[in-house]
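Heads up, the chain below is alone and in the form predicted alone; it's given as structure tokens.
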Amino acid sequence: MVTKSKSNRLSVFNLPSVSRMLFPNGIKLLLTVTEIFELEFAYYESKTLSKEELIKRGAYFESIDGIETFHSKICKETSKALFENCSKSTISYFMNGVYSTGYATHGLFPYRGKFHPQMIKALMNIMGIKEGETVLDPMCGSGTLNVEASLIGVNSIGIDKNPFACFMSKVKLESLSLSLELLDEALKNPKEIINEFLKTKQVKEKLLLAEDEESKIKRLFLLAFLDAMGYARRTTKSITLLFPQVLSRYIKQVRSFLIISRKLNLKLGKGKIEFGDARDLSMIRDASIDCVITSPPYSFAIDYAENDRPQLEYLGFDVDTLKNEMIGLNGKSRKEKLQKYFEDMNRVMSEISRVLKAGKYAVIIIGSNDIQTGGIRLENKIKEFGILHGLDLVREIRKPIKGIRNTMHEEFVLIFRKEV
């Protein structure tokens, strides 16, 4: 039997670290990059982007050749407002998401089941999306893709069947380019603002649709009001007490982004949010989209309509009617719900393939709650539908979901390429 000498056993410690083996000298990762999937995405970014592009649009890097990245600067500046007047445990929670979830306007109105913005930015980079090209999220939820696309100069379209999701996405997107001076001016009468929101039971159509700067600022204030409404339902505090606190956090976060955006001279991409249905994207031309990135409902894991009931009712929408129209919420028994869900997702994958340009990529992020589905793996069905509609699966990446309360422990990033 051959045994290794002590010197040979210790020689392994002379090897470079994993990050040094993956990345050349001069590339420094963010300290929060610790997961295998993050290292994988960062490695792909480093192979796809030039050093100049890594500085301007890289997602997982702190600096390149000693120059701090735009992502690092934006995150450090715009996450500060999240910590104000918070407990130590809350601060600790937000600190974990400084570079992944809490920057720019992503921190406005925390939303269940949302993307990790940092990962979405990396995916666009890996897919080779250039400035001026157009990406689509046909189930945009809280507008994460649209905000991230705008930050790197990419145009985007976001579509959702939930009217409140559309409103929230629209506010987050347009707040990236508000007038700093008009925003400061509007803050002079916060009591007048809340009185206006408290008096009306249904927001006027003009406020929801108008494109003037004053209406955009009012929509930001209204989102803060709807956020405070949610807090008020879970605590003994009144909305009149909570609203100024939430509004203050919103304004500080938006202001900090607007300031750093000016310093970096960001050229934002154009984005639009539309109320619509991922099963019927008839408003989008065939083969006109450069990339699709979306995360569909994980069957009926989350009842988004019920989750947003207070906000939807305030905006004047019938929640029960919406439930009958939304993917994942149709049917009575588990079997019936799954059957309808798969029928709907087959149609969604067909539409994604239709609007996507040949040779371009569609990314579907999905997880399976085995307890709810009876062991049926949703990602396997999505792969079947993709192949059925001319989308070749080129990569499958497993992403763990942390937290002991989570009923799902992993989700899958499925990368399809449309046949040429």
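Everything quoted here is computed from the prediction, not taken from an experiment. In this text, residue numbers run from 1 along the sequence as written.
Keep in mind the form predicted in complex with a small molecule is missing from the figure; the text below concerns it.
With the partner removed from view, the residue among 107, 97, 276, 269 that has a non-hydrogen atom within 4.5 Å of the small molecule in the predicted bound form turns out to be 276. Between the small molecule and the residues 150, 253, 118, 142, the one pair within 4.5 Å by heavy atoms in the predicted bound form involves 142.
At the 4.5 Å threshold, heavy atoms of residue 162 reach the small molecule in the predicted bound form. Of the heavy atoms in residue 185, none are within 4.5 Å of the small molecule in the predicted bound form.
In the predicted bound form, residue 102 stays away from the small molecule, with no heavy atom inside 4.5 Å. In the predicted bound form, no heavy atom of residue 318 sits within 4.5 Å of the small molecule. Partner proximity in the predicted bound form, defined as non-hydrogen atoms within 4.5 angstroms of the small molecule, places exactly one of 322-330, 254-262, 231-239, 218-226 at the interface: 322-330. Contact check at 4.5 Å (heavy atoms) against the small molecule in the predicted bound form: all three of 137, 296 and 304 pass.
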